[in-house]
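Just one chain follows, in the form predicted alone, and it is written as structure tokens.
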Amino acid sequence: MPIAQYALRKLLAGIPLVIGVTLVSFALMVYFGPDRTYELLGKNPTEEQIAEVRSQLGYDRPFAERYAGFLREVVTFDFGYAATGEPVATLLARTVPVSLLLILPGFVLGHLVSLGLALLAAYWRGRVADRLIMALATVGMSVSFVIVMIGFQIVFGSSDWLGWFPVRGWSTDSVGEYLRYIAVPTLATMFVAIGYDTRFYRALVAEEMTRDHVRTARAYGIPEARIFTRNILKNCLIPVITRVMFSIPSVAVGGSLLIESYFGIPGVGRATYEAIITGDQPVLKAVVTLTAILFVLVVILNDILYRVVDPRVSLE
């Protein structure tokens, strides 16, 4: 089966997942969510005024009809207006690029540095370098992400310490300004990523280095660099791809929400946090839907990459 046809089949198979997520989100956030009737009415409203507002909000319609309307919003990406009066589509178009520019450097560098440290630790396993790298990884795993962000803000942003970078706000007026504003968030993201990912990658590489085919290759005198790239790293790619791909949704949502809240960055994470605090349902509906679609795309891309790096993986 061609990869394009397989990808289309996986995309169609992901539709029930999206529908399930939207059904749960609709039930929790809309149907059983906050009743906005009295927010739109003055004091001592009459029964007729209450009934009119509930009719305008659609509260008097049956569950299936309201859910069908919610699905139309999902398909058309027309989620209405945020509490500020701004169209949700405009809000997302403004905030999603900011979040991508913020999260991508730390995400990419965190995995690359973690993999590099894991290779060093596995190659020198049991020695001083291995112990130092694993100690650093343990510290990164043990310290809360919130504490790491606050600590890095104090060390790199406070004038009493280094004071090298700004720790509040956002600017992309120039490449230099952009790099200054993402420096501390990127370092904090990398520090935590190194803690979790280095141990995982090190265990993979160390286990692969003890395989029979690796010992056989060494016995035949194959150069160590070739063994490392073709016999060890190649066989580690599938779990590495899985680790990277399935960390995308959590980093894109949870990571951006924390970072943007603490660093005052106007991205989609901060908009989501403010929507949670204010009960802004249109924004929450849009974010939940985008997250579900992102997860489905990650699953599809993950399966395709499996086949690319290992032709033995069946597409059926």
Partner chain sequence: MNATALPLPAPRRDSLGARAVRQFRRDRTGMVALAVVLGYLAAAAGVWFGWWATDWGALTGTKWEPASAAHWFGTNIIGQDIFARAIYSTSVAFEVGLVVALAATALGAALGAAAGYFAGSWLDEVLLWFMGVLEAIPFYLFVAAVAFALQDSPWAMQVGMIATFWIGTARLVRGEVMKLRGIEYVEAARAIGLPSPVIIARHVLPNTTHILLVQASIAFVGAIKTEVILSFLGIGIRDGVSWGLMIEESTKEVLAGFYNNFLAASLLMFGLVMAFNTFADALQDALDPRKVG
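Only a predicted model underlies this, so the values are computations on that prediction, with no experimental measurement involved. Numbering follows the first chain given and starts at 1.
Here the subject shifts to the form predicted together with the partner chain, a form of this protein not shown in this document.
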Considering the partner chain in the predicted complex, find the one stretch among 76-84, 107-115, 92-100, 144-152 with heavy atoms no farther than 4.5 Å from it. 144-152
Going by heavy atom distances of 4.5 angstroms or less, which of F165, W124, Y196, Y178 would be at the interface with the partner chain in the predicted complex? Y196
Using a 4.5 Å heavy atom cut-off, which residue among V139, I241, L132, L120 comes into contact with the partner chain in the predicted complex? V139
Using the partner position in the predicted complex, report whether I304 sits within 4.5 Å of the partner chain, counting heavy atoms only. no
Would you check, heavy atoms only and a 4.5 Å threshold, whether Y59 touches the partner chain in the predicted complex? no
G279: heavy atom within 4.5 Å of the partner chain in the predicted complex? yes
Could you confirm whether Y262 comes within 4.5 Å of the partner chain in the predicted complex, counting heavy atoms only? yes
Would L17, V21 and T210 all count as contacting the partner chain in the predicted complex, using a 4.5 Å heavy atom cut-off? yes
For the stretch 262-300, return the residues whose heavy atoms include at least one within 4.5 Å of the partner chain in the predicted complex, in the order they occur. Y262, T272, Y273, I276, I277, G279, L284, V287, V288, T291, A292, F295
